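One protein chain, two forms: both are listed below as structure tokens, the first as structure 1 and the second as structure 2.
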Structure 1
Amino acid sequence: MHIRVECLTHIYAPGTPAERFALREISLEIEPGERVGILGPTGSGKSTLVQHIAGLLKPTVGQVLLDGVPAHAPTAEARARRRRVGLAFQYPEQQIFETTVFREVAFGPRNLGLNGEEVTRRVRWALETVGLDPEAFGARTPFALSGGEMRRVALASVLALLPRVLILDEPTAGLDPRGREDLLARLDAWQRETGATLVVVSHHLDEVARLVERVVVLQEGRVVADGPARALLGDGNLWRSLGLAPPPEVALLEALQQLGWPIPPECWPREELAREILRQWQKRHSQQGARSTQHAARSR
């Protein structure tokens, strides 16, 4: 699905003393199948923007077009489009309400009016996609699961809608490192398998770097940068100006450059950087090794 955001402005509580601009004249396009990261500090409007894309908020000014149809319109056409956009909110496990994992994941597909067989098929597929065994988990009560498992159930309940656009708002917040790695790998595999559009909201640069090709940076409701992840993520100054910590690789790269290592800034992502460091280190080591052998020989 093609997403086009046109001059979108959103004001919370307009006309009151609490009035606040969440988004200011945002324009951007997301092509079908693109993997986009939306980054920015807390309060920059990331969550508001993605809720607009899912058609859940009414724009104060401007509009969001899903394949050319305004996302918030009350028409059947717009509703059909909205249904192809899956949005997992921050801490999606907080929306869990059903008595069993199966019923929880089936809630979305049932709302689509699907028959029982199709619902079962989708629930099983969605649970497997997030790494939960449908046999073992289906009948359990979701409230007795661990935090990480609940997060997976909640994400499965969005995947079961078979979205053409999947939006994840801070999908790994509060997960341990292993759970985070595993979830990111599964989402990556899901996107490759389905070819759907993936939009990830985060202020965790590291995980976005793994998952997306393009990065849109928001600050105070405005787009301050939009470009290939490779170019933007390596720009340590950009992240510091936003008050975010650059990814560890960038910090390492900068530290090495300061020490006089001639590492080109395009060494990105981390595998490439690692290879380059290894190469230069070996070179230096062999030089240094030669020197220290000489030194040892002299002292003897």
Structure 2
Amino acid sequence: MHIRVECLTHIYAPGTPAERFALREISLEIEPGERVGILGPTGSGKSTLVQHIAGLLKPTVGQVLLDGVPAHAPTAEARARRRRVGLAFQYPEQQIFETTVFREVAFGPRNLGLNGEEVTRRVRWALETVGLDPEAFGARTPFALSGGEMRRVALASVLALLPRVLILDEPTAGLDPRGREDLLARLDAWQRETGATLVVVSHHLDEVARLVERVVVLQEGRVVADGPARALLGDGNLWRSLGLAPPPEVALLEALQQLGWPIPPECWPREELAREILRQWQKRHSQQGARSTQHAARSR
């Protein structure tokens, strides 16, 4: 699905003392199958932007087009487009309401009019995709789960609708480090398998680096940077100017560069950076060994 944002402005509580500009004349496009990170400080407009893409908000000015159709329009065509956009909110308890995990994940497919066999198949697939055993979790009440498990259930309920666009707002909130790594790997595999568009909202830059190829940076409701993820995520000065800490990999890369290691700024995420550090270390070790051999030969 092609997403086009045209001169989008959103004002909360317009005409009141609490009036606040959340977005200011934002324009951008997201191509089908792209993996895009929406980043920026708290209050920069990230969540407001993705709610517009999902058709949940009406713009004050401008519009969002889903395959050429205004996302917020009250038409059957617009509703059909909106159903292809899945949004997993930052706080999963805000969207969970059913009495069991199975019923929660099955709610969307049932509303599509699917038969029982297909609903069950989708529920099992979605739970397995997010790392939850359908047999162990299906009959449990979602409200007795941990925060991380609720996050996975909420995501499964979105995946069961087979969205062509998946929007994740702080996808790993409530997860421990192992659960975080597991979910990121599962989301990466899901996107590669389906070819769906993936939009990730997060203030964890290292997390975004694992999932996206392009980054859009917001500040005070405006786009201040938009480009390849490697180039922007590796720009420590950019993130510090926004009041955000660069990813640990970037901090390490900068420290090595200051020590004279010729490591390119775009040399990451961590696996690639680790390989480059090892290569540079082996090269330096080899050069030092050669110099030592030459020095010993001259001494003789």
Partner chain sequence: MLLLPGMYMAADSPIHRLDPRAKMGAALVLMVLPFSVQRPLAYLVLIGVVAAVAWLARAPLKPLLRTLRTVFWLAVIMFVFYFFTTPGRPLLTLGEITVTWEGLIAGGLQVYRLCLVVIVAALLTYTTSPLQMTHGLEALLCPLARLGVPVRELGMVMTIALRFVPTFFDEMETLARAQRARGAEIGSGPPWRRLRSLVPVMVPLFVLAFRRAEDLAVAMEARGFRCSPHRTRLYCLSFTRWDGLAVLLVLGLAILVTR
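The term rigid core refers to the maximal set of C-alpha atoms that superpose within 1.5 Å between the two forms. Not measured: the values here are computed from a predicted model. Numbers given to residues start at 1 and step along the sequence of structure 1.
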Chain form predicted together with its partner chain: structure number out of two = 1
Would you say Q95 moves its Cα by 2 Å or more between structure 1 and structure 2, aligning on the core?
-> yes
In Å, how far apart are the CA positions of K283 between structure 1 and structure 2 with the rigid core superposed?
-> 4.2
